[in-house]
Ligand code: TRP
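As structure tokens, one chain now follows by itself in the form predicted alone.
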């Protein structure tokens, strides 16, 4: 059993990143390694260049993401943690798979349409072939399972289609004439529903590092005073908290704060309302702020310690990349051989 998953190396990580993705990675690491499985987690820096970017920002963001993952509980000794650029086999296999992928398949990708918008002629080729690199990311390691959210299901299906067509077209026969597929077709893992964390200033917009207002998000670098201040000034309404979830339906800011409390406390939103029903935000906000400070303090302290130690972060990536390269070689060699390409 082998899980493979990647994340864009964006810096300035916030509560939404932690609750939306990173916490699930830690849970999968603990569950799968206990069963003898393997977890490969990579920083998708090759994917990042499909859109306009600043090289220095990408480099810094990659290191910050490593620091955040380790601070949140990813253990480089139990999981393989690396960045794509240090494993050239990702790019090599992507090129080999472009002979199997079809233009029609890529044209149907929803994210291509969304990100390219009306200016498709001006979009990069890398953005168009992004899903083929994603396929290479997982097929390279013979991944058996890939955690996916709603927005990535289509890309995993494409990876399965590419694997199946490649195997059908090029897989050699075994000693007894049986098919000997080159690639494993990975299965989707749908993680437990991640908390959808919205802006503290606008309950209809996701919490984002690109929001110009720092008051809209809880950063992993925020100290206790900053967290308490941001929660205290978070947008709300004048009504007290209801006793039933239905009472939050038309109250996005209230629903967001209740959702954050539930996610951090590890309880249901219904349980939060049972505890605070009838109370105003003058009572609820301090309780939420104190909970956030308590839960995030160890992560924040470790993150701050790690992010300034460039040598240690680079060492984590180098060691992970060496382990990843060792796993990648057999699959890459089989793909070259299956395609009839001569290798020295």
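Residue numbers count along the first chain shown, from 1. Note that the coordinates shown come from a computational prediction; the quantities given were computed from them, not determined experimentally.
Note that the form predicted together with ligand TRP isn't included here; everything after this is about it.
- Look at 212-220, 72-80, 132-140, 238-246: in the predicted complex, residues with non-hydrogen atoms within 4.5 angstroms of ligand TRP sit in 132-140.
- Among heavy atoms of residue 44, some come within 4.5 Å of ligand TRP in the predicted complex.
- Heavy atoms of residue 146 reach within 4.5 Å of ligand TRP in the predicted complex, making it an interface residue.
- In the predicted complex, ligand TRP lies farther than 4.5 Å from every heavy atom of residue 184.
- Contact between residue 152 and ligand TRP in the predicted complex is found at the 4.5 Å heavy atom cutoff.
- Applying a 4.5 Å heavy atom cutoff to ligand TRP in the predicted complex picks out no residue from 204-223.
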